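Here's a solo chain for you in structure tokens, the form predicted alone.
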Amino acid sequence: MSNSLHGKHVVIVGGGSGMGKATAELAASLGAKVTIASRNEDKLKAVASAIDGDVSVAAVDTTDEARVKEWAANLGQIDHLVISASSAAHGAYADLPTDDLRSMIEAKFVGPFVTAREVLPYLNQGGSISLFSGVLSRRPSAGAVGLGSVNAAVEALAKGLAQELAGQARVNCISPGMVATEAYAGMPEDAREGMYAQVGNSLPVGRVGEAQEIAQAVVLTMTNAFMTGAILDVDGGHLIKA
């Protein structure tokens, strides 16, 4: 890799579970100092205690701008910001409650927008920002028009920031396909496994993704100094499936 994570300060918003947690584990294993943040401090502490490395935690709700400002001001200097925290509202266009749409926009777009802005003054020269979208941005699906639209907005944000912050920070966006994470823990096991099988069988790779595979892509965006403005599709071939 062109830029080692050893000794770097990596901040992961959404690091308490799923793809953010897997990224924290991988970054720590590569010698990074890691800060994980999310709303649930107890979950963060449990994750941090299970990782072998230098990991600190912070309870932060990215939809609370005042709290984000306060937290960012106390971070110290950082090298890489990853924002994997997310929210998804599904439902037919005619039926999706507007309040659900607004909540998703706040959590998945406005929250990352504000968080990146507030952390930027503390980001070391040549550092990176990695955002998260999803396959629905460019392969829309009935019942997820709102989510696809917000994903597209996140990708536009990444590309715009890559231009505006040129010479100061690199900005990229990870676009995952379906990944087996705690996000689906609330589903009955049979339904969850059936969903994984149905989606996986439709993909060229024949299965859904694993959180660790997404973490590898995030590390690439942090360590490849020639990558900016990229939308990195890690989706098992979802965008090119029949």
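Throughout, we count residues from 1 along the sequence that is shown. Small disclaimer: the values here were computed from a predicted structure and weren't measured.
The following text describes the form predicted together with a small molecule, which does not appear among the structures shown.
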For this session: State yes or no: in the model of the complex, is some non-hydrogen atom of M19 no more than 4.5 angstroms from a non-hydrogen atom of the small molecule?
Result: yes
Exercise. Should A183 be classed as touching the small molecule in the model of the complex when contacts are defined as heavy atoms within 4.5 Å?
Worked result: yes
Exercise. Does any heavy atom of K33 come within 4.5 Å of a heavy atom of the small molecule in the model of the complex?
Worked result: no
Problem set entry | T63: touches the small molecule in the model of the complex, heavy atom cutoff 4.5 angstroms | yes
Exercise. Of S202, N40, S56, Q212, which residue is found within 4.5 angstroms of the small molecule in the model of the complex when only non-hydrogen atoms are counted?
Worked result: N40
Exercise. Using a 4.5 Å cut on heavy atoms, which of A217, M178, L26, I51 is close to the small molecule in the model of the complex?
Worked result: M178
For this session: Among 118-126, 156-164, 85-93, 69-77, mark the stretch whose residues have heavy atoms within 4.5 Å of the small molecule in the model of the complex.
Result: 85-93
